[in-house]
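Next come structure tokens for two forms of one protein chain, structure 1 first, structure 2 second.
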Structure 1
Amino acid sequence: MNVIELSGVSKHFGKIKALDKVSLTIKEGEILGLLGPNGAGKTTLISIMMGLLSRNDGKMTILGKNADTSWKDIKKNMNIVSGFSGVHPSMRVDEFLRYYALLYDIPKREQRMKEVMALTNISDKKTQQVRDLSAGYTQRVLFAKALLNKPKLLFLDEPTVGLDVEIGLKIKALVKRLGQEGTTIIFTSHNLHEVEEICTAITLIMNGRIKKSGTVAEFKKRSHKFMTLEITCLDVQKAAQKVKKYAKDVRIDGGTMYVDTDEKNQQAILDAVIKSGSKLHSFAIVEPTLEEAFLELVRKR
């Protein structure tokens, strides 16, 4: 089932086209990484899908329901964690969660509060004031709040911004687990290593338009015109001399050489190594990171 179907969605702020005919489908259980440079339209898109902003044009179906006529139903099944949204500093953690549980009209309120505190590992902070918590704990309180209504659809707008690595890891593990449990997640982050690790699909948005959608592997593959080969052989110095003319760059590190080349020269390089008479041990393509693939796509513009 598609959890989200957008077709031709546009949003203007005066002369600024924040979204320009965006069409997008997101399947159930997917963790979609929404990528794009600052000002690309990510937050605007999330705000529209959350019903926080109206759109100027286009159709929107969420959780199988028409967003114009069934908003009340849809809203019950979604939630958001934003790296920038504040908690109420003078409230205690349990008071903060109770406040939202009341707002959402959660059945078996105290029980569900316990569950979400356990899920996010904040049970021991229950009676502390939010203002006394570290950034990492504050963010987990926001996750706990977002899980209160057992959302089928969860938006995460830079949820790990400003967090240290260790807390970022815990949040990543939580997001992964929610995904495995069938929650559909839409995730934005400037940390592409994080996106690469968590997301099952990626959509790249630039200047309010969808530039590319696909799996992480597909994103990386498309940037494979240029590749780096990792070659180990008995005499790398000798082999390096022979492959030079097919390569953009050759770097030697111990018994290994890294050869930057065009995809079409891959076979010629392999042949050259073999012909050099230097016994070949291994020959592999080094996968670009998502970050490299992303930068290549963004710089093309």
Structure 2
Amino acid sequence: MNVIELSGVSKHFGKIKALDKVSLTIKEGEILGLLGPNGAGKTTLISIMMGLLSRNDGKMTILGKNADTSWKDIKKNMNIVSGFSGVHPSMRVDEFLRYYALLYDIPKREQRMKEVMALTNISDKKTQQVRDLSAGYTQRVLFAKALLNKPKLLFLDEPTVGLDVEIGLKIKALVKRLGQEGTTIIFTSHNLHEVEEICTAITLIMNGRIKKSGTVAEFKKRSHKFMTLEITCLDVQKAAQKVKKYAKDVRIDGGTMYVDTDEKNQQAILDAVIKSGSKLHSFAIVEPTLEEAFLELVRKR
């Protein structure tokens, strides 16, 4: 099932085209990393998908419903967690959750409150005031709030910003679990290592247009024309002279050589190192990181 289907969605602010004919499909249970430089259109796109902004053109279907006629039903099944949200400091945790449970019209709300507090590991903090909580616990309270209505679609905007490593790991584990259980998640973060670890798919938006979409592996592969080999050997300078004719670029760092080349030349380079008489210690393919792929694509544009 496709949870979100956008076709030709545009949004203009005067003469500025914030979104220009955006088409996007997001499947059930997918954790989509929405990437783009500042001003690319990410916030505008998310705001339209959440019903906070109207669009100038295009069609949008969410959770199988027409976004023009069924927003009331759609919004019952979505929620958001932001790293920049606030919680009233004088409220207790249970008071805060009860307030939103009433707003969301949650049936059996006390039972649901217990469930989300257990899920986010904040049960022992339920009678504490928010002002007394750490940043990590406050963020978990916001996650608990967002899970009250059992959303089928969850937006996460920088959900781990400012958190320590331990709490960040727990939140990432929770996000993965939600995706595995069928919740569709739209994830934005400037921490691309985090995106690479969590997301099952990536979409790059630039200048209001979708530039690339695919899995993390596909995204990284399509951004790099060449493969990089990492070679360590006894006489790296001598070996480098032998592999240059097969390489696009050769870089030496101490006793290690990095070779950019076409995949078809991999065996020829290995043979050249061996024939050079330099004792081979290791030979490996270096996978580009998502951060490297993102920066390369942005520079090209």
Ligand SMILES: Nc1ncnc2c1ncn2[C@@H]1O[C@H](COP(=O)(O)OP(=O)(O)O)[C@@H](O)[C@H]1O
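Structure 1 provides the reference sequence; residues are numbered from 1 along it. Predicted, not measured: the structure shown is a model, and the values here were computed from it. Rigid core (definition): largest C-alpha set, two forms, superposition within 1.5 Å.
S.K.: Of the two forms I pasted, which one is the form predicted alone: 1 or 2?
M.R.: Only structure 2 matches the form predicted alone.
S.K.: After the core is overlaid between structure 1 and structure 2, has the C-alpha of V250 moved by 2 angstroms or more?
M.R.: Yes, the C-alpha moves 2 Å or more.
S.K.: I want to check V259: does it shift between structure 1 and structure 2 by 2 Å or more at the Cα, with the core superposed?
M.R.: Indeed, V259 is displaced by 2 Å or more.
S.K.: Relative to the superposed rigid core, does the CA atom of Q241 travel 2 Å or more between structure 1 and structure 2?
M.R.: The answer is yes; the displacement is at least 2 Å.
S.K.: I need the CA movement of L280 between structure 1 and structure 2 once the rigid core is aligned, reported in Å.
M.R.: Its C-alpha moves by 4.7 Å once the cores are overlaid.
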